[in-house]
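One chain comes next, on its own, written out as structure tokens in the form predicted on its own.
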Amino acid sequence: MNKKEILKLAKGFRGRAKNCIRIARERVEKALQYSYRDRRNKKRDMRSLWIQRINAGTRQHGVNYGNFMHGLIKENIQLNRKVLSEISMHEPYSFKALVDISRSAFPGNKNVVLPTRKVNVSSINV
């Protein structure tokens, strides 16, 4: 890259990194390395977020994430995690129907007991 392109990319940097060509070149190269790395990390982070949302939705119905996904695969329901997370957040009745389908397909989902609430003993008046 020539000097003009480097300084154009360095616009907004602090100190001499925006106008001294040697320092600007180093900072721009490092910034491009970070952007390359983080374009891949963003995909990883989004998948993790979708899985967390699906897991939260399934646990409300007494099924964990792994058993839910296994049941969907056995029933040949091919919805990706992004769509499943959107359904779990915005369409709870449709998501419950998916959980019920998954529960019927996989026997590990049938005998699941919903978690009990913890009761604070100090708040009970005797």
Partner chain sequence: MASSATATATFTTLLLSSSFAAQCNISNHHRQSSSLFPAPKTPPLSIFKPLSLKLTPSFLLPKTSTFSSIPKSSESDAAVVDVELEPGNAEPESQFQSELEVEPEPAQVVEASKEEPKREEIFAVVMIGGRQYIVFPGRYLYTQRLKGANVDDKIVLNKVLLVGTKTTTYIGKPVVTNAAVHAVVEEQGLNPKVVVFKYKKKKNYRRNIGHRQPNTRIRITGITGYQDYPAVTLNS
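Between two forms, the rigid core is the largest collection of C-alphas that superpose within 1.5 Å. Numbering follows the first chain given and starts at 1. Predicted model only: the values in this text are computed from it and were never measured.
Absent from the display: the form predicted in complex with its partner chain. The rest refers to it.
- Remark: residue 82 counts among the residues lining its partner chain in the predicted bound form, judged by a heavy atom distance of 4.5 Å or less.
- None of the heavy atoms of residue 66 is located within 4.5 Å of its partner chain in the predicted bound form.
- Taking the partner from the other structure, its partner chain in the predicted bound form has a heavy atom within 4.5 Å of a heavy atom of residue 60.
- Taking the partner from the other structure, its partner chain in the predicted bound form has a heavy atom within 4.5 Å of a heavy atom of residue 33.
- In the predicted bound form, 75, 76, 77, 78, 79, 80, 82, 83, 86, 87, 89, 90 are the residues of 67-90 with at least one heavy atom within 4.5 Å of its partner chain, listed from first to last.
- Annotation: Cα of residue 26 displaced by at least 2 Å between the shown form and the other one, core superposition.
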